[in-house]
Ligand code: CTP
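Just one chain is shown here, as structure tokens, and it is the form predicted alone.
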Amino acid sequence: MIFPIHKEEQDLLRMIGAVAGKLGSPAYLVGGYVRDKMLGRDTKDLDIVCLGSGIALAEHVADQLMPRPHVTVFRRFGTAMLHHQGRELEFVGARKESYREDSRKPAVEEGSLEDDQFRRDFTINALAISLNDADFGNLLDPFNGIAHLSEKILKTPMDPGKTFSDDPLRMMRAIRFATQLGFTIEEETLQAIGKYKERIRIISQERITTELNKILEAPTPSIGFRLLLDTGLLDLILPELVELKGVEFKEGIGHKDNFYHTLQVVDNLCKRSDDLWLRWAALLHDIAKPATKRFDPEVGWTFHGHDALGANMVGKIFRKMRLPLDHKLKFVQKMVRMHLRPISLTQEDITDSAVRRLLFDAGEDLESLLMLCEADITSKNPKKVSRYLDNYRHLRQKLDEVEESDRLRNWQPPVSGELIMASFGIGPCREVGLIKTRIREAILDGEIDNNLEAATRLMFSEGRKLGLIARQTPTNP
């Protein structure tokens, strides 16, 4: 079969084939590039296998490119990488591998193209395209990968138990590909994931989290999380999420299954935002419900405080998952902590003061928060969903009106600590904080206008109450 390589890439690939020929190292395109081209997906990453030294081929290919790209060499793995015109090219010599029971790091030796294809994770990733003059563009498909692409099936080239035992990260990759591509994992392959799930413990947390992030970035992440649950991997990777599963009844009253509710919230959000960290917030927004679940005979099941406790749990989960502990963590914590605030404002007459406080506390993240709250509507009753969305439209209108008049988004009070200290001739002290807080609260409650003149008057009034003596400066109105 002749593989349809786009004309703009042919010159580059023919040059690689020609260089490989001069080195006596026949070369082939393999893996994801071939798979994605056959699926019509855009791809810029090219994996090239040669029968010889991948590092030598990379260096000689780089010599033919202008400007000559830097070649990054990984001698331990026998691979090299370079970038050219927005493409990432990785070169490796064909090899075969053997594994010890306690490690996913293989013993590697040179092998044939067939050996290299046989060691790959899935049949759809074992496809190869010849770059050699004699049969340029020919597709080599020893494991029926093309048929499996057509049937949307994920299957391992060799026994799935050996495939997953050798490299347990492949279990996560199977679920990730199923989620990204909408494929079905072949039954024997799926059963092997459940059987060998404990092997995932030898994989570094960073690599597991990378796959989990890719699942979250897919159009419908619930596909992957259901598979993670069904295979038992989720119990090992993120047991806090598994704790959400199940419905408990008391006195004939049950609560919803918060695990499947969470998955629906994530899917709802993914229709509107591709922000990975907002997706993490959706995944974790109810994470503290198991710890806060209580039954009240008068009102039924309650989860009081799950927003605040959940925000604290987010930090522990991020540390365990080796996720960033910077502004991304703070954003997710903020979303989890605040996800009930807008809901409360849709269930009562909205005061300007409550709206000001939401604008102030949410700041630049207001739209993200509102998207999360709207995604949190998962009722099966269309009329109820429509009513809730109408309430949010009303809230959005009110937020816009107050923001236009009060300019509170990303707002800082007009009187600074420096001005307070200069006006009373004092240094940093408790009184400065008290005055700043009083001014902020007065503006948010609508007691005074949001401007320097009104805030300065209140500053001197509060200073006098605290026994501070104002300096006779132009700042004193």
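The first residue of the sequence shown is number 1, and the count goes up from there. Because the structure is predicted, anything quoted here is derived from the model rather than measured.
Unshown form predicted in complex with the ligand; subsequent notes refer to it.
With the partner removed from view, the residue among 398, 197, 255, 176 that has a non-hydrogen atom within 4.5 Å of the ligand in the predicted complex turns out to be 176. With the partner omitted here, the residue from 417, 32, 446, 52 that has a non-hydrogen atom within 4.5 angstroms of the ligand in the predicted complex is 32. Contact with the ligand, judged by heavy atoms within 4.5 Å in the predicted complex, is confined among 52 to 60, 24 to 32, 433 to 441, 418 to 426 to 24 to 32. Taking non-hydrogen atoms only, residue 125 approaches the ligand to within 4.5 angstroms in the predicted complex. Contact annotation: residue 120 falls within 4.5 Å of the ligand in the predicted complex, judged by heavy atom distances.
Put simply, residue 286 is far from the ligand in the predicted complex: not one heavy atom of it is within 4.5 Å. Put simply, residue 170 is close to the ligand in the predicted complex: some heavy atom of it is within 4.5 Å.
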